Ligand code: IVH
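Take a look at this single chain in structure tokens; it is the form predicted on its own.
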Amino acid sequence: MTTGTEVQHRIEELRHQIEYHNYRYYVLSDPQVTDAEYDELFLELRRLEEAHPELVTPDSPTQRVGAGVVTDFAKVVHEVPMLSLSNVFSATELEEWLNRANKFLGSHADYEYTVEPKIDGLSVSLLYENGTLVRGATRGDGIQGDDITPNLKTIKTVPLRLHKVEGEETPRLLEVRGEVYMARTTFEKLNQELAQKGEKLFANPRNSAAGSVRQKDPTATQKRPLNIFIYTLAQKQGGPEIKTQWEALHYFEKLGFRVAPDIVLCKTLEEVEVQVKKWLEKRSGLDFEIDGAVVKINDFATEEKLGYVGRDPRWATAYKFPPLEAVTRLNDIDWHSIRRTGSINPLAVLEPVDIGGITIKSATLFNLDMIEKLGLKIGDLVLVKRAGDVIPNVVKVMEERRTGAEKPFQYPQTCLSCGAPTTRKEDGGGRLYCTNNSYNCPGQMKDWITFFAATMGIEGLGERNAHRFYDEGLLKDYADLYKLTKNELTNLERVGKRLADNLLNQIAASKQNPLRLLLVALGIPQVGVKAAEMLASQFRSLDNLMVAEVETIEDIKGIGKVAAESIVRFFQNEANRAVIEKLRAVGVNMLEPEREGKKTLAGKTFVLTGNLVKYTRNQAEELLKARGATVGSAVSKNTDFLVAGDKAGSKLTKAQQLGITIVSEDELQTLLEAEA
């Protein structure tokens, strides 16, 4: 039986831990626990205090907003406190939140609700007087923050002066709150630059945004592209009357502020739940990080009546998502993953941990430089992050949790696939390589077969079957794909007639691919899609390219000397030439056809996403190019059309956000068949 003394001891312990983690998170921008772990601590403390109200003290974390402030900046006292939000994690808890609000009001009104993304960044306040920005401050402890006006002025999406709205008076005073964040793509680029300089990497975009905003030199902040979403009206004097959150969000946009996309107004909690699920589904496709959705009662008069309880507003709550990061133990480093180039890619072997509803057992470590910068040791507790369906990666070592039992890692001196010696190359990442050639290293050849098949449009093979067919002795190299028979395939377990027929049909169709696709599939170092197109256009046949000299190749605009030398070396390799002859013998096309067709799509840029049925991905690209279109790999403001097949993912989401025309396969077919 738990005694009063034990409860009091646990409460004091929780308060100490929470205050420490508040300090790490808000002051140092270097959290030592995940958001999910922090939430668990706070929830446990709140429940204990609710069960033992006599033990609640004024200095408890549940009775205050947050942690202290950084002392390097001038202090700002928030006239309207920047309070935080309560959390709910399910539809049941959301309903309980509403019931508490109704109980406080003594009525059961029919509310409207706004559902907004909960941006994972740094909360700030912007104060405008007569339309001009006069102060920008951090949240700090909610009562007092830091004056970071010069730094916030470097963010291009922070208006220095409010837009003049025709027919409306500009407020004499306006204070808004928002979230400064760093886009995922920007974050990845920043970490790459820091790694090249040998500097400490940021653990996540939130930390990078906080660290960038708190730079003492505003020019340093300016070099780190930041963004902001505005979401709260704190105070206003003058200007039009604003009665609801929905009106406020639209008013922000008229004044020149940036508001998060796809905010929805709901009439019931059931509608709220639907919108929250939509945010969860598209979470991984966003270029900004969110950790939940914010639900607000859409009426400022009701907000005023409801007020606050402790640190939380009664009129709003955060519907938190399952975490995409977690702390777990590094049990080992696996060095079996070998690419066709000979690079050995280390994988972290983890104690299984649930991240966002998926059990994670391994994570990528990229290269030796990353392992060394992280300071990894076998047995470390590490922070693992997962974004969408991509393989997770280790972003941080929890050094403060070390026990002394951790052991340094050792990378293999020989390739675990073929036994050849390994070598470390300082090629931008300190990668480990197998010194054997691809034809004598099973790991390299399996990856080469996978790459060849994917490039040639043999989508039914995949990595698993490529490895399996190699291990079964059906394949020695990628040319052997064209010798597979239906009998060989159906004799294997779990390979039925339909799978065999589909695979063999794709293999047969790939023989007719143009030379430019074959050049990419051969895996010639320094030859990507664009270079392959230029080479195919210039030489027209593989035979012509195979006998070309370095000087001839590098004369092609866009093909440099390094690439030219790599191409010549590739074709001088007897093993490579032998496989090419095997491809020739089975009828693989080695010519570049003249592109025919009317240029009805000239000047248009297409991007393909999802599973296509009428065409393979390569066929669709070739048909579009034949019509004069450009085919891109990523959605941007320059994209004209997105061709969306089944199970379209993040590209579809981004295209919708940018207002790009979405076309189905049927609509694509119509475009391709259109007469000039």
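Not measured: the values here are computed from a predicted model. The first residue of the shown sequence is 1; numbering continues from there.
The same protein also exists as the form predicted together with this ligand; that form is not shown, yet it is the one meant from here on.
Asks: Taking this ligand as it sits in the predicted bound form, is residue 454 in contact with it (heavy atom to heavy atom, 4.5 Å or less)?
Replies: Output for residue 454 is no: heavy atoms all beyond 4.5 Å of this ligand.
Asks: With the cut-off set at 4.5 Å between non-hydrogen atoms, does residue 84 touch this ligand in the predicted bound form?
Replies: Yes - in the predicted bound form, heavy atoms of residue 84 and this ligand come within 4.5 Å of each other.
Asks: Using 4.5 Å between non-hydrogen atoms, is residue 123 touching this ligand in the predicted bound form?
Replies: Residue-level check for residue 123: yes, a contact with this ligand.
Asks: Is residue 231 part of the interface with this ligand in the predicted bound form - any heavy atom within 4.5 Å?
Replies: Flag for residue 231 set to yes.
Asks: Counting non-hydrogen atoms within 4.5 angstroms of this ligand in the predicted bound form, say which of 118, 446, 78, 283 makes the cut.
Replies: Contact with this ligand in the predicted bound form is made by 118 alone.
Asks: Among the candidate residues 356, 150, 313, 225, which is the single one with a non-hydrogen atom no more than 4.5 Å from this ligand in the predicted bound form?
Replies: By the 4.5 Å criterion, the partner-contacting residue is 313.
Asks: Pick from 293-301, 404-412, 586-594, 364-372: which stretch has non-hydrogen atoms within 4.5 Å of this ligand in the predicted bound form?
Replies: Residues of 293-301 come within 4.5 Å of the partner.
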